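Encoded as structure tokens, the following chain is the form predicted on its own, with no partner shown.
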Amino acid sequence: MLTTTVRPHNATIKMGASIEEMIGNTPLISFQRVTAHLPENVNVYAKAEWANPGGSVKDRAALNIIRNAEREGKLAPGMTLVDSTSGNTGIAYAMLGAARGIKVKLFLPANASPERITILKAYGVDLVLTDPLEGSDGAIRAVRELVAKEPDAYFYADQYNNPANWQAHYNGTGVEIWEQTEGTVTHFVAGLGTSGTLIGTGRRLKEFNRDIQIVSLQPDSPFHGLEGLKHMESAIKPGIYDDTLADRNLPISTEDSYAMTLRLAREEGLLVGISAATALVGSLKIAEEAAAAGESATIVTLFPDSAAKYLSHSPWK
């Protein structure tokens, strides 16, 4: 088992660091009780993405999208950044927009947690709430309608189709995992939302070692409670999604994910979001299969955020 569960030795935060310098190089954490049934040669780790200043993995993509747009002249002074979001990417845009003096307008399903809506309002974004029955796809359609009417007034960040999304993980998350596991990682497991985390991290890890198995997770039904994740067969597929990359695709139930959120809180002291619990449900399935086959494995997943933005919703209520 790896002994290092903190930031890599080469990732120090200097005194007076900016918000942007705090993004990435998140800790790789291990577990004690939920993995106690596994043999010593099968290990499960997770990147604690709530350590990012905006509280989620989406800080990585949002920063790269903004930097690329400014460098390419697509986001000029005075323009408004606009996008659809289920919450976390919007919070990252809002945080970075406030820090950089960029106006931000966001389209968000009205059934997003009150915590997310309050955070976005605190940052001062122009917030449009869309039909909750249409979910994230409804927010996507609404922002596209706006941009079509006023294309010169906005920079459409378009997180679902912008390659800067997955490139943030190709240049960051994938390298971090390789270094933190000292090249021993055998599996990378991640849920599908925009798909940027899986695609970027998976592509980079495959370059390090083509035998590393990439496992994608998604809800097992179009009607689910896994906020932030997409059931790809019934949803608008992100343009950055590559369905040939994953070596395996696992469906995960809402019920199993909700149960795992409580296990992580009560057995590990980790209060995480529902998508993080989904990630561990999938990772444990892979770990248990490896154990049953008598194989060694180092399975790494990613916990997108903590439960701080969801506490008004089940299963914590």
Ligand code: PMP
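Keep in mind it's a predicted model, so treat the numbers as computed, not measured. One-based numbering along the sequence shown.
This protein has a second form, the form predicted in complex with this ligand, left out of what is shown; the following refers to that one.
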Next item on the list: Please run the contact check for Asp158 against this ligand in the predicted complex: heavy atoms, 4.5 angstroms, yes or no?
Entry: no
Margin query: Although the partner isn't part of this model, could you tell me whether Gly228 comes within 4.5 Å of this ligand in the predicted complex, counting any heavy atom of the residue?
Written below: yes
Check: Heavy atoms within 4.5 Å of this ligand in the predicted complex: does Met95 have any?
Finding: no
Check: Would Thr197 show up as a contact with this ligand in the predicted complex if we use heavy atoms at 4.5 Å?
Finding: yes
Notebook entry, point to check: Only one of Gln180, Asn88, Ser216, Ser136 has a non-hydrogen atom within 4.5 angstroms of this ligand in the predicted complex; which is it?
Noted result: Asn88
Checklist line | in the predicted complex, the residue from Ser283, Ser275, Asn64, Thr26 that sits within 4.5 Å of this ligand by heavy atoms | finding: Ser275
Margin query: Taking this ligand in the predicted complex, would Lys58, Asp305 and Tyr310 all count as contacting it (heavy atom within 4.5 Å)?
Written below: yes
Note to self: Quick check for you: of 204 to 212, 228 to 236, 119 to 127, 75 to 83, which stretch puts a non-hydrogen atom within 4.5 Å of this ligand in the predicted complex?
What the structure shows: 228 to 236
